[in-house]
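There is one chain below, alone, in structure tokens, taken in the form predicted alone.
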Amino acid sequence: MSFVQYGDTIKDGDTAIVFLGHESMFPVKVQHGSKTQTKYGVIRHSTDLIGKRYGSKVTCSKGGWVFILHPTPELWTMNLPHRTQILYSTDISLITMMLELKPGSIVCESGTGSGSLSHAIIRTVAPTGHLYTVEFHQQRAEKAKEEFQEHKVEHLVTVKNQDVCKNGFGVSNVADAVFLDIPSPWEAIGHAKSALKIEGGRICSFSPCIEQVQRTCLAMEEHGFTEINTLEILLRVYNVRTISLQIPDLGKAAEDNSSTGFDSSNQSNQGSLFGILQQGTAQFKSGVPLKEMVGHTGYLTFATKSLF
């Protein structure tokens, strides 16, 4: 199992996703002899998981069943252990596009945090790219390194425990893109510029407060960055449901019958039309926005390293 290469069968040591429903899933490390408790009963790793194909339907001890899914960066984002606030797929998708990431890209990131964005970047730049990620907190850096090894992507990432604002990324003129998710990104803009390739590159800074954005934009201008712009993504989810609307009174039934193209000789058509008119309402499929939605997460500021 690897987060960047699909495996058919579940093996000892793999990280798998136990899927109970769209709103209920969790990761589990598969180990010979281990057991996992669910609301449907016990899953025995040796007999129920190891050797089975990913996507299999597994019956638990109480008779209920779950699906065992192959891990992906998207599933990991939804189920990872939170050591910090994380970026979700909505922001990650825009970051990946705006930084122009592709297989073979070299990326510098700070801070690593819980590794949500890191896994997405690694999957994007594989198999020949590389991620240099810097984390100020020692325990978080060690835990991230451990997870990358368990997920078999350690050859694609280098984890460093240092202060990026003082010591930078530890590399110079190699990165195609830089991402900053730190409290004071304006203090790291100079180091980000040094890490980017001489011929240029892209930078992104994620900040929850507009005051951080203002100071970061000023620092980008001072260091010669161009094409500076700030975006915010608000995800609005719609529910498709059946609604009833009152039919307006547009005249006699005979006139309605001819205007709507119904065949008057067809008794079934006459019955349907009569039923609708008698009820005074008609049902339609409609998209209705949720009453509550996820609002502000953060501002994404993008810029380009100037060649001149």
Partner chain sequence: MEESAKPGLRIREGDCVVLKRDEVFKAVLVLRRRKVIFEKQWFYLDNAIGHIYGTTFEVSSGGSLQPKEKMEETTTDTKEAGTDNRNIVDDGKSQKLTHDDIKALKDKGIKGQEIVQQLIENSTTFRGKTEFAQDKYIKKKKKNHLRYDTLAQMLTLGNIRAGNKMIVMETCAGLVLGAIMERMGGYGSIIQMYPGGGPVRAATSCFGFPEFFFNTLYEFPLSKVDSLVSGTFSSETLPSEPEYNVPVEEERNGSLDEKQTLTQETEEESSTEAVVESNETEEQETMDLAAEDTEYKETKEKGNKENIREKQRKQQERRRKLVETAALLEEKNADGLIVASRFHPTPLLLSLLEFVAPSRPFVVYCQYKEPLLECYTKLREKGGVINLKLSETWLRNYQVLPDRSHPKLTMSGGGGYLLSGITVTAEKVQSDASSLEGQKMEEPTSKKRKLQELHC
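Residue numbers count along the first chain shown, from 1. This one's a predicted model, so the numbers in the text were calculated from it and none came from an experiment.
What comes next is about the form predicted in complex with the partner chain, which does not appear here.
This chain appears without its partner; in the model of the complex, the one residue of 145, 193, 123, 130 with a heavy atom within 4.5 Å of the partner chain is 123.
Contact with the partner chain in the model of the complex, defined as a heavy atom within 4.5 Å, holds for exactly one of 84, 72, 158, 162, namely 72. Although the partner is absent from the chain shown here, none of 28, 37 and 150 has a heavy atom within 4.5 Å of the partner chain in the model of the complex. The closest non-hydrogen atom of residue 47 lies beyond 4.5 Å of the partner chain in the model of the complex. Although the partner is absent from this view, residue 240 contacts the partner chain in the model of the complex, with a non-hydrogen atom inside 4.5 angstroms.
The partner chain is not drawn, but in the model of the complex it has no heavy atom within 4.5 Å of residue 166. Proximity of residue 213 to the partner chain in the model of the complex: non-hydrogen atoms within 4.5 Å are present. Of the stretches 170-178, 90-98, 108-116, 130-138, only 90-98 has residues with a heavy atom within 4.5 Å of the partner chain in the model of the complex.
Of the residues in 8-32, those that come within 4.5 Å of the partner chain in the model of the complex through at least one heavy atom are, in sequence order, 8, 19, 20, 21, 22, 23, 25.
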